[in-house]
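Here's a solo chain for you in C-alpha cells, the form predicted alone.
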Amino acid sequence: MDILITGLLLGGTYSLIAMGLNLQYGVARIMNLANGEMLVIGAFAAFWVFTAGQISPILSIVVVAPLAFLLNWLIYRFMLLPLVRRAKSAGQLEVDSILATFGLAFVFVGIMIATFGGEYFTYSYLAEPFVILGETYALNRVVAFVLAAIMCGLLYLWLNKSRPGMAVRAVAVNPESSGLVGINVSRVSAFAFGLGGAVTAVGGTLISTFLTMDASIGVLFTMKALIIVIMGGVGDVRGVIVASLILGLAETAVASLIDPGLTLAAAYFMFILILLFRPQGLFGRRSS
C-alpha cells in the first residue's frame, strides 16, 4: 500500500510536467527540448519568492503562470513560428524545432547559473507528516498531488467542453482541416505553446516544495515528460494522466523493491517497450 500511494503521489506531479509538453508537441507540433528548463525556472521562481519574501510557493503560481505563458508565447511567435512557416514537411519542422529548442535549453541553463549560481537549492515548505491509511507521508507531496489533479481535471474539461478547447483539439488532430473551417491555426498553436509552458512552470513550483534541484536538472524532466507523452499517446490528455501514474508507480516500486539508482533505467525500459509494441501510445490511434 505504501508503494501504491507514494507512486500515485509522484505520478500526479509528473502529469503536470508532461501535460505542458503534450500541448506543445501535440498541438503546436514543436518537440520542445527546453521543457525541463521551463520547469526549473518555475521552481527557481517559487524558491526565490519564498526565501526572499516568505511568500507561499502556492501563491506564487498566480504570478509564475502568466509570466511563463507570456515567455513561451514570445518564444513561439518570434523564434519558432518562422520555422513553422519555412518547413516543407512535418519531419523538417520536427528536426528544426528539436535543434532550436536544444540550443534554447542551454541558453536557459546559462542564464539560471549566471543568476542563481550552480549550487543545489531547496527550502522547507509544508514539510510535515500527513497520515493516509495509517501510513505517514510528507504534506507537501500530498498538496502537490491534489493541486496537480485539480489542474489536470480543469484542463481536461476545458479541452473537451469549451469552444476554445475544442479548437485546440481540432488543430492537434488536423491543422490543415482546422484552417479550412475558420480556425486560426497559428494563433491556436501559439496559445497552446504558451499554455504548455505555463503548465510546466506551475509543475516546477509544486515539485520545488519537496525536491532538491539545480539549474542543470531540467534535461531529466524533459526526458521523463517525453517518455510519458509517447507512452500515453501524443495529444491525448487521458494518456498523459494514465502514463504519468504508471511511471510514478513503476519508479516507486523499483526504488523500494530493488534499487533507487535504477528508477531512470526502469523509465527507459518502459519507454522501449512502448516503442516496440505500441508506438502510437496507450491511447493513440494507429496510423493508417
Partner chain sequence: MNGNELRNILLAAAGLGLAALLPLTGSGYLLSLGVTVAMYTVLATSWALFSGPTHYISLATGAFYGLGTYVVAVGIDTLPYPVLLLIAFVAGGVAAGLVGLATLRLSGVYFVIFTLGLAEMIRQLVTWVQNNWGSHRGLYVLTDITEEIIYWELLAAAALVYLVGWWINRSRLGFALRIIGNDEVVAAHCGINTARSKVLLFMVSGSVAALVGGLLAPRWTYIEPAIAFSAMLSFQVVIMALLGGASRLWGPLVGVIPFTLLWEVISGHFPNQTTLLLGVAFLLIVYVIPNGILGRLEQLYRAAREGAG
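Predicted model, so just to flag it, every value in this text is computed and none were measured. Numbering follows the first chain given and starts at 1.
We do not show the form predicted together with the partner chain, though everything after this point is about it.
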Heavy atoms within 4.5 Å of the partner chain in the predicted complex: which stretch in 223-231, 236-244, 40-48, 55-63 meets that?
223-231
Under a 4.5 angstroms heavy atom criterion, identify the one residue in A149, L74, V173, L99 near the partner chain in the predicted complex.
L99
Is the partner chain in the predicted complex close enough to R86, V95 and G261 that every residue in that trio has a heavy atom within 4.5 angstroms of it?
yes
Report yes if any heavy atom of A114 sits within 4.5 Å of a heavy atom of the partner chain in the predicted complex; otherwise report no.
yes
Answer yes if any heavy atom of L70 is within 4.5 Å of a heavy atom of the partner chain in the predicted complex; otherwise answer no.
no
Just checking whether L157 would be counted as a contact of the partner chain in the predicted complex - the rule being heavy atoms within 4.5 angstroms.
no
Look up in the predicted complex whether G103 has a non-hydrogen atom within 4.5 angstroms of the partner chain, and give yes or no.
yes
In the predicted complex, residues of 257-279 near the partner chain [heavy atom within 4.5 Å]
I258, D259, G261, L262, T263, L264, A265, Y268, F271, I272, L275, L276, P279
